[in-house]
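Following this are structure 1 and structure 2, which are two forms of one protein chain, each written alone as structure tokens.
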Structure 1
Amino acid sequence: MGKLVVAAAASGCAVVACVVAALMVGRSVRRRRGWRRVVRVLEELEEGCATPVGRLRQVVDAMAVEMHAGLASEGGSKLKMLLTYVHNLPTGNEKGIYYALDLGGTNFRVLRVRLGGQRSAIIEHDVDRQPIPQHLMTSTSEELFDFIATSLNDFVEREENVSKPSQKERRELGFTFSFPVKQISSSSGTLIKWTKGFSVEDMVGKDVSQCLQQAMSRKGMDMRVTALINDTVGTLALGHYHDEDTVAAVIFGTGTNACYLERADAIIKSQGLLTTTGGMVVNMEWGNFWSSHLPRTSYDVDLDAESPNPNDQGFEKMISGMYLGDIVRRVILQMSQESDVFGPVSSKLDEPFILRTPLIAAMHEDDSPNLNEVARILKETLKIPDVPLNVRKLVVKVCDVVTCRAARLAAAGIVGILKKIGRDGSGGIASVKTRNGIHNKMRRTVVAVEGGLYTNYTMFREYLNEAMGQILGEDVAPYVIIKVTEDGSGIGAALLAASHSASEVVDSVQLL
């Protein structure tokens, strides 16, 4: 009897053990299958985002071709190639106190800049920065500009109380408005369209300076907008102020864009454009660049289709800070739907823009052995807890693929500009004979860069710099310098307000 009980118990245990073993095998088979599926998603992403140098060179050529087309006729290209009427970059002789207003990203800033009259002598500048209240990004132009004018007024009062004596002359303001604007002069222009999540509908087609001027009048302020500029133009102005070899400027922030110094006679669409310097800064609005050579994935297609501006700003949606995090979110969502390596699909993965780019930078650059930062962000932001290490590594890889593509395409864009203006070395490098032998000689070319994506995201910066070297080659690359300017979008506006102020020649640009 006793033996029977023991035997029955033993066979019962064996059955349980078999069931447990079968369950474990089943689970591990499922896990392996799930893992294979997410690896496939990653491989497809890598393939879709590939940017070998050959492809980057095609993007360089396409950028240069589109630049020509955009300069040839209005609407000739997705690149708007907007005239800025800025033909004189600051010389360093600018003197006096100027205000600047910077509106264009997540923050809005007011600055007061004292210029000393000698290059590099920006004696002081004070800044007030505040986030734009979300509701104002989609409100009316009057509400938005009243808010701006109030903040500006408070700032002026505060500043002038502190730094007596108060200014008797009319104050002058440089306004950096970082959206596509059809300039009518260097101090006025109408908004073509909004980007970066702004959508104040009644503003489109309106004169931006006038809206600000009217709001300032409503506040009883005595201030005149003497320069209306894009942030890229402010960056170029500050870059050129410090280094005269600066010929182009690029922003990698919430949005992305570039401007450069063009020959006036190359701007065919404005035939007869006369400037005293024979040149003009062109705002490319390269965020809207498009080419069939751009490596596009289904994630980009979906992001675009679900955005408030489909078929618009295609390059920006692959490159800029506003979108990179959301591409990564979409990939993780896909992985999570295809397997259970992230556990049950988190509803947070469905929320657009929940994974902001600073978070993907933090995950990408997590150098702790257990990727604790990745685990923390997945848990706190996406509500995905307890992710094993191999899956955390996978997330890092996704960030890497998306950021690497963005940075390399950005590099190709920059070389495209250099190609257009003959500074990419493709025309050959002159050889100069000296006593010590033959030396290659090429003009030094500086590109001013600003924006948190470049300055705060080390991997983006390193991938971009590496790709510049690969595209240009080792003979040419040393002559092309990417230089970070600090606060060009603010200080540059004050500099241009100074060089376009009443005391300077204002109407030295004519359209015949």
Structure 2
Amino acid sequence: MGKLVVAAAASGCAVVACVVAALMVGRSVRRRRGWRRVVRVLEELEEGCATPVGRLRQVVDAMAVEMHAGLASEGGSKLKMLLTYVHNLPTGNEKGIYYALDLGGTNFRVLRVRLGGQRSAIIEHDVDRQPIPQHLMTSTSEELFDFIATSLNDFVEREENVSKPSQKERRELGFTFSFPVKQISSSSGTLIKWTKGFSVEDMVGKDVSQCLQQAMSRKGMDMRVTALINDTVGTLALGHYHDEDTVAAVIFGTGTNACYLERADAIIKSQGLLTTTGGMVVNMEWGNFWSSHLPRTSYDVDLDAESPNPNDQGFEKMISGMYLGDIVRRVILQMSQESDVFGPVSSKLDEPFILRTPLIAAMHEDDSPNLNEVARILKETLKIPDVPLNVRKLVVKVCDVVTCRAARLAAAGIVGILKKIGRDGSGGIASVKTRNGIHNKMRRTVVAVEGGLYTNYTMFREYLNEAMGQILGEDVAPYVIIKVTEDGSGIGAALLAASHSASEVVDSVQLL
């Protein structure tokens, strides 16, 4: 009897062991299948985001073609190719004290810059930052600009050791106004529409500079708006001030844009355009660039469809800081839905823009052995705790794929500008005969770059610079230099106030 009980017990244990083993095997099989599914998601992402040099050169050509079309006629291209009427870029010879006003969001800045007349000799500059009260963002143009003029006047009166201008001189101001404007001259333009939470309705259609000028007059200020610009043009001005070979400027930040110096006779939509320098800065508004050669994935399609501006700013949505984090979020969400490698699907993964680009930069550049920063961000931001190391590595790879694509497309965009103005080496490199033999010679070309995506995100910067070299080739690449500038919207505006000052040059843009 005892032997039967023992045998039965042993038999029961064997059955339980078999059941447990079967469950473990089943769980292991499911885990392997789940892992294969998330790896497949990654492989499809890599394939969809691929940017071989051949494809990048197709994007270069497409950018140059769209630039030509945008210069030929209004509405002829996705690129607006807006005339800025800025044609006198700073040379480094400017002297004196100039002011800048930078209005681009819920804060505005006032700057005073003293120039010493030698290239790169910005002797000093003072800055004052002020928030705009919420109620003024939806009030009247008079109330808004009276507040700005009052702050500007207070700033001027606080100047130390600065003599007042003589009766023949006036203080001159560069105004960076980062809202959609139809430019009329280098110092005036009408507001097309408000963005960024502003809704001062009586201002739409009015001359922005004139509104500020009238407010300054009401405060008894003897100051003149000499230049009305956007931040990208300010970056070009600052770059040119430091280096006369600067021909283009690009901003890589929350958004992205580019401008460059074009021949006036190449701007066909304004036939008969004459400037004293023979050139003019063109604001491309390149965020709206599009081409079938851009490597678009289902994540890009969904992001665009769910955005406030579908079918608009397609290039910006693939390369700018505003969107990279959200593309990564969408990929992680897809992986979570395909498998349980992240555990239960976190509700945070459904929140648009919860994963900001600085966070993906921190994960991407996490060099700790256990990827502790990746684990922290997944836990604190996305509420996904206890992620295994192999899955954390997968997240880093997703960040890498998305950022690499963005940076390489950005590089192609820059080379597209250079191709349009004949600075990409595609026309060949001239050979110059010297006493020591024949040497190749090409013009040195500088592109000014500003924005946290480029300056703060090391991997983005390295991928962009690498792609520039690959597209241009080893013979041309050494002649193209990317130079970082800082505060084009502030100092750059003051420099343009100087270069377009009545004491420096008479503004002479004419249409024949």
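Residues are numbered by position in structure 1's sequence, first residue being 1. Being a predicted model, the structure only gives us computed values, none of them experimental. Superpose the two forms; the largest set of C-alphas matching within 1.5 Å is the rigid core.
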query	finding
Form predicted on its own, given as structure number	2
Angle through which the smaller rigid unit swings between structure 1 and structure 2, given in whole degrees	20
Rigid-core-fitted C-alpha displacement of residue 132 between structure 1 and structure 2 (angstrom)	8.1
